[in-house]
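One chain comes next, on its own, written out as structure tokens in the form predicted alone.
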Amino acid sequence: MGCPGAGKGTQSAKLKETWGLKHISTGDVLRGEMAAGTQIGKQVAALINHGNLVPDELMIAMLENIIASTDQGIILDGFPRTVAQAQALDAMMSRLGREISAVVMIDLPEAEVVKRLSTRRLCKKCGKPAATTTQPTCECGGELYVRADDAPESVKHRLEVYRAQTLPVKNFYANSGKYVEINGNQTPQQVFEDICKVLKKVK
């Protein structure tokens, strides 16, 4: 978990490679639906591009299909984002005979969030963020672009949504014995090492 720009995708990719986990990014799932032009994709395009949240029942249905299809350990990246989603996730995991072993919050000051997202460019080919703010193309050769919801006005709205709807999830998990906060205002490698310490305790 973490606010927009906290590095959830970056850390999930590193954890996937190091720990052999299946990475499920709700943002990637939804953007894939939009890119494919599916009915679901058309329904959520306007919501995502304006920084709003997708209806819970839609998100849970898509996630359950993915989780039920694998026995791998899973990283849920950016989900749940509301208390209702957290409750629905618990019910879904129970139905599937699985459980959540750790809830990791990457904590980042809002000023750093705005700074990161306003300069972030993603690759149209591989989806990864550019390593620097000056490189003309991605390392894979793909074209770089700025997501519509990374524009300054959308970032501010996304943070408002985050404060109102996602931070209560922190309280939902705070007393579960599984919740851990990681300082996100470090180098990506330092954040990764801190998350690995958490996972080693619950493995």
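A residue's number is simply how far along the shown sequence it sits, counting from 1. Fair warning: this is a prediction, and the values are worked out from it, not measured in the lab.
The same protein has a further form, the form predicted in complex with a small molecule, not shown here; the description that follows concerns it.
Although the partner is absent here, residue 52 sits close enough that one of its heavy atoms falls within 4.5 Å of the small molecule in the predicted complex.
Using a 4.5 Å cutoff between non-hydrogen atoms, residue 59 counts as a contact of the small molecule in the predicted complex. Of the heavy atoms in residue 195, none are within 4.5 Å of the small molecule in the predicted complex. Residue 142 falls outside the set of residues with a heavy atom inside 4.5 Å of the small molecule in the predicted complex. Using a 4.5 Å heavy atom cutoff, 6, 26 and 81 all lie near the small molecule in the predicted complex.
You can rule out all but one of 29-37, 64-72, 134-142, 169-177: in the predicted complex, only 29-37 has residues with a heavy atom within 4.5 Å of the small molecule.
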